[in-house]
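The chain below stands alone and is given in structure tokens; this is the form predicted alone.
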């Protein structure tokens, strides 16, 4: 058995690096993002695929307290038959098991808990290729993206949450001595002990598009701050989180702790287990990524818990002018196409002045800008193999329905087209649709169109664009925003508008960095300052609500004092 203290000692250097990186906000990554043989070894890729294939068509090997029957709900967007079944959770049983495991976990202390957490993350990293296939065939991400976003990038986000949680929960010293001088006598002396105490049972509700990347911060922040965690995957993307929970339970058992500190709660669609768990009196932390409808419901109804939500929103691009028109178009086309726009950070509303924009290629009207953006999309996605690798597959019928609805509009700039994938002929792959609107068409563009749907919206002027941006984001939320301008005054105004709207802003991205990508240890994801999210991944607010610090104190007899 390797104790939590020994695990902390083993991983202390990595934790120190992570804490420094989270403070500096510079580039740093603990886990290589390239699925290269030179990085992970010659056998990692084939072994990972074999491990994934070995799971198909069978019951997944995991224990769940009070399980009653099995559940099999996943369908690969690439047409691969999955057939994995999971034990069906009993909500009351998993909550009771989590509570029973809590006292021993609290006694481990923040450092020991962080050591256990890093051991879990490193073992997840060792299974990155297996995880990549699991993510690809549940979410529809192309393989390289599934490897990166579902593997090392998610693992970096997990480690970031561990680092922030450890720093926050150890800010107050565990022991201290208090001495108050007294006139004509010895000081009054008290010895004090401060213990970080978890808030209670945590619930992580996974999403169907980024099951690991979005779930890991809450999972690991809750664990390090002393809370057991119930992981409730989306019915369409269970396998990545089942593998995660399996690894968590293995490490916990090997460290002499109850594996029920992390449990899996799988359901049939419509069972409503997320709502049942989220409103139970013993569930005190809820992490959710998904639709605004259910996120808003959780915020209103899970009143006994601190609720961290990340929802969709109206991600906006303000186009005023540019010194690199081709770079703008390339960058924006890729941002609209990556994973078929099925990212909570993908731009939806592109605001362009009715009078057009000035560029290094000359003046461009709204109509010409729309045509040029359409041409950039066609150039990016013209080769089917490259297009499939960029777009991935449509994850579910809801996305496809929105794409079809938008494609029926009267003013389509770029119609969506089918893309064939030779490797996966059963995959549903579509290019983005872009629709031309006017500022008056607010009923259309203030609705969230999650998926490969975007709008080029003609406004009266750039100040009008900034006004629409501020008002729509404050009302409906956004996770990202971008401005293109050569004017320092416009850039300054956009920064102020972003601060008023409470959204992170990117300026003049024309190269290899895209508005819908965020880097762990540097970029904050979500702000908590608009309706799209209640916190940032990962700042102090994201971890501080997960624990309390409880003190005890007693008199120090004279013989125990340091000057006795």
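Positions refer to the first chain, counted from 1. None of the values given here were measured: they were computed from a predicted structure.
Not pictured, yet referred to below: the form predicted together with a further copy of the same chain.
*Asks:* From the list 374, 291, 486, 195, which entry has a heavy atom within 4.5 Å of a further copy of the same chain in the predicted bound form?
*Replies:* The option sitting close enough to the partner is 195.
*Asks:* With a further copy of the same chain left out of view, choose which of 41, 46, 511, 57 has a non-hydrogen atom within 4.5 angstroms of it in the predicted bound form.
*Replies:* The residue in contact is 511.
*Asks:* In terms of non-hydrogen atoms within 4.5 angstroms, which of the given stretches 360-368, 99-107, 229-237, 374-382 touches a further copy of the same chain in the predicted bound form?
*Replies:* Residues of 99-107 come within 4.5 Å of the partner.
*Asks:* Does any heavy atom of residue 173 come within 4.5 Å of a heavy atom of a further copy of the same chain in the predicted bound form?
*Replies:* Result yes; residue 173 sits at the interface with a further copy of the same chain in the predicted bound form.
*Asks:* Residue-level question: is residue 495 within 4.5 Å of a further copy of the same chain in the predicted bound form, judged on heavy atoms?
*Replies:* Although a further copy of the same chain is absent here, residue 495 would touch it in the predicted bound form, with heavy atoms inside 4.5 Å.
*Asks:* Give a yes/no on whether residue 254 approaches a further copy of the same chain to within 4.5 Å in the predicted bound form, heavy atoms considered.
*Replies:* The answer is no: residue 254 has no heavy atom within 4.5 Å of a further copy of the same chain.
*Asks:* Would you classify residue 34 as touching a further copy of the same chain in the predicted bound form, given a 4.5 Å non-hydrogen atom cut-off?
*Replies:* Looking in the predicted bound form, residue contacts with a further copy of the same chain include residue 34, since a heavy atom lies within 4.5 Å.
*Asks:* Taking only heavy atoms into account, state which residues of 289-321 are within 4.5 Å of a further copy of the same chain in the predicted bound form, ordered by sequence.
*Replies:* If the 4.5 Å heavy-atom criterion is applied to a further copy of the same chain in the predicted bound form, 289-321 yields 299, 300, 303.
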